[in-house]
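In the form predicted on its own, a lone chain appears below as structure tokens.
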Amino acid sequence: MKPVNFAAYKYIYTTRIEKSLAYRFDVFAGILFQCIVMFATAFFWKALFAGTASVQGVAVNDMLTYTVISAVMSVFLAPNVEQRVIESVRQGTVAADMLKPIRLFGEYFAEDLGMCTALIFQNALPILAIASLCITVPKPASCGAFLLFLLSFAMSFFINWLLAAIFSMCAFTLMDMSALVQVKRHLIRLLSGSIIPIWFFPGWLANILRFLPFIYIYQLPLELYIGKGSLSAQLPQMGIQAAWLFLLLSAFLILEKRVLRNVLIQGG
């Protein structure tokens, strides 16, 4: 195992921030797309809750807050690790990347962290400002709820990244998986409660999803933020979220070692 070269990772992190800040059109396009989805979802919930005090124990303002924070979270939950692996394998540069004095996926993780840091100012804050002016000010249920949300969101970020990294390893054996990546991302958005909470899913499907890692990417942090459910019910859910993080990290480390041992270089 290669030693941890913090200086190299820091350089990759800062370089990625600089690159992300350079593409202004991508910034405007990203904000526009997220706002379209956010406004469409907000109008849907307003129509659904028309004349109704609450649905599934949640008031309309809570659902609007849920929608806004989900849109902000989605800015950070779109890792680029899959595309980086696909490009490296396709171009045949993955072997050269493996010769660097850092771990291959450590490099990709540092790049994604740098991108997320830039997106705080490029996308997240503008979306939050627009939503606060046009939809609702997304206040957390309490200070304690906000702190639990931050902890849960941190775990959801790592769970989402590990799922993407594990999925990206298919690129070492498949010729092209760009379409599969898009399908996977949309499925996660659908099954994680990002747009429609699983409270509104059929009971049998909701019960199945509770045993999968997807709802711990969006649903659980959002529930904590709006204060849905009691603390005695939320803490065990966070324990399950931590267990999924540990399982995915273990699976990632095992697969990383096996896959990189048998690298298939495609292209030049």
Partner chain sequence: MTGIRHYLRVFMESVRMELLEVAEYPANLAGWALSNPIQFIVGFATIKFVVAEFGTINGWNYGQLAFLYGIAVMSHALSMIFFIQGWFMGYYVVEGDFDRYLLRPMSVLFQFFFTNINIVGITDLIPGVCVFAYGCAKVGFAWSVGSVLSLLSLLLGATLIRGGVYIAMGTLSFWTKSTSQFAMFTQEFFDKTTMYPLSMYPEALQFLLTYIIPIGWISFYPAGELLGIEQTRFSFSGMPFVTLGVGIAVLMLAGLFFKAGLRNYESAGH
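Quantities reported herein were computed from a predicted structural model and do not represent experimental measurements. Positions refer to the first chain, counted from 1.
A second form of this protein, the form predicted together with the partner chain, is not displayed here; the remarks below concern that form.
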Exercise for the section: May I ask you to check whether S142 falls inside a 4.5 Å heavy atom distance of the partner chain in the predicted bound form? Expected result: no
Problem - the partner chain contact in the predicted bound form: V55, any heavy atom under 4.5 Å - result: yes
Exercise for the section: Please check if F211 has a heavy atom lying within 4.5 Å of any heavy atom of the partner chain in the predicted bound form. Expected result: no
Problem - Q83, heavy atom within 4.5 angstroms of the partner chain in the predicted bound form - result: no
Practice task
Please determine, with the chain shown alone, which of 64-72, 47-55, 211-219, 225-233 has non-hydrogen atoms within 4.5 Å of the partner chain in the predicted bound form.
Solution key: 47-55
Fill in the blank from the handout: Answer key: of C170, L125, I196, V137, within 4.5 Å of the partner chain in the predicted bound form (heavy atoms) is I196
Practice task
Answer with one of S132, Q91, T117, S178: the residue that has a non-hydrogen atom within 4.5 Å of the partner chain in the predicted bound form.
Solution key: S178
